[in-house]
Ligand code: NZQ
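Taking the form predicted on its own, here's one chain by itself in structure tokens.
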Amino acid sequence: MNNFDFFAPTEVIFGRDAQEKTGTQARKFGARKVMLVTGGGSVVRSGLLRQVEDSLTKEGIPFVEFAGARPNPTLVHACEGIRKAVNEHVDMIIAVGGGSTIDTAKAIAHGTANPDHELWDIWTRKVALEKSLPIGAVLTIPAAGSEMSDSAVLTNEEIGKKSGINTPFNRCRFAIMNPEVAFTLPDQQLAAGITDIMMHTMERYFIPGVKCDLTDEIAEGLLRTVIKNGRILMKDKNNYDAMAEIMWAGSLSHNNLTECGRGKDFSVHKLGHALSARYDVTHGASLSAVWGSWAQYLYMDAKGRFAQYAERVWQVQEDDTESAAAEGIKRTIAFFREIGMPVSLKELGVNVSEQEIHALALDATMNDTAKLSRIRPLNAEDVAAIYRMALK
């Protein structure tokens, strides 16, 4: 087991009617004026936003609203939110939505606390982030895990780049989670969320050569839980217990717990980010479309690791390590297809030319300056080969 630091300071308020405690949480963390960041109109139609507003009003906390967070949150939109937050003199940002809304809220918090610096300069670490506003989240979509993570992602549409930033300032002070608010999610959005939760776990799991029994058990149990309850939800989204399991798994998959002693890789995310930045495809779909090709490209270099995954997560019984590893990959791809997720670029709806494949590979590897994967280093040529495999 490698040395590690683990820090997960977010206070979680979980269960039915949890959103009614938003005001008390904001008061607890010192809010005097709040900006509520939302996405589309679903939180309005469902009545959730009104419940959050009422809870703030009950605590005597004024608020302003900023709507329109996109599925792939953009720099331009976040900068609009920063200008409004600065003008309104808010001192806390609360996201009411899913991962994209929460990431937008994080960006607004950083920019508002540092109004003399360009947000993209902060995001790309040209300017050190040394302060931010406190952030809270009222989660509506179990998926990204942003409500407990130290990460956030933005797309700079002007240059076609999607980039993430990891910082302790990204940690929400509190996260409100009521599984019932996710009952109305469209099937595709739920399936993308299930996929993202699995990916966050697997991006930390497929790292060979490090003995981490407890971390492995946590990750494998989380994956089994998501697969089991994901299947239930795809048939009955009103199953409270199944939705609760998925929502909690989403938070634990991305709060660094499943990387303790092992670390993380996130090479599949780099491939997916390049796709979603150029073609504005759903994040979870961009991952499922390339995961199988990534795994098939690399599994012979980590046969034991993939075989362990196959046995413990998918109950594969094979004496031959290579056969077991291949079967685990096959069952994962079949599960993504079962819940309606794309497992190729064709199914994703992206028809790329050889020139575009080359451009994607350069995007994913920062112009071939960064090597991906801790199984073995992947350069731009390797990444291009994975994209080609994913065309079929």
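Note that residue numbering follows the sequence shown and begins at 1. Here the structure is a predicted model, which means the values were calculated and not measured.
The following text describes the form predicted together with this ligand, which does not appear among the structures shown.
For the chain seen here without its partner, which of 145-153, 82-90, 223-231, 303-311 has a heavy atom within 4.5 Å of this ligand in the model of the complex?
Stretch 145-153 is the one.
Within 4.5 Å of this ligand in the model of the complex, do 264, 292 and 386 each have at least one heavy atom?
Spot residues vs this ligand: no contact at all.
Just to be sure I understand the contacts: of 40, 47, 62, 349, which is the one whose heavy atoms reach within 4.5 angstroms of this ligand in the model of the complex?
Looking at 40, 47, 62, 349 one by one, just 40 meets the 4.5 Å heavy-atom criterion.
Which residue, 175, 277, 133, 185, is the contact with this ligand in the model of the complex, using a 4.5 Å heavy atom cutoff?
The residue in contact is 185.
So, residue 208 and this ligand: in the model of the complex, are they within 4.5 Å at any heavy atom pair?
Heavy-atom contact with this ligand at 4.5 Å: absent for residue 208.
Using the partner position in the model of the complex, report whether residue 73 sits within 4.5 Å of this ligand, counting heavy atoms only.
Although this ligand is absent here, residue 73 would touch it in the model of the complex, with heavy atoms inside 4.5 Å.
May I ask you to state whether residue 140 is within 4.5 Å of this ligand in the model of the complex, using heavy atom distances?
Judged by the heavy-atom cut-off of 4.5 Å, residue 140 is in contact with this ligand in the model of the complex.
Partner proximity in the model of the complex: residue 364 to this ligand, non-hydrogen atom cutoff 4.5 Å
Contact with this ligand, no.
Partner contacts for 87-109, taking this ligand in the model of the complex and a 4.5 Å heavy atom cut-off:
Going through 87-109 in order - heavy atoms within 4.5 Å of this ligand in the model of the complex - the hits are 98, 99, 100, 101, 103, 106.
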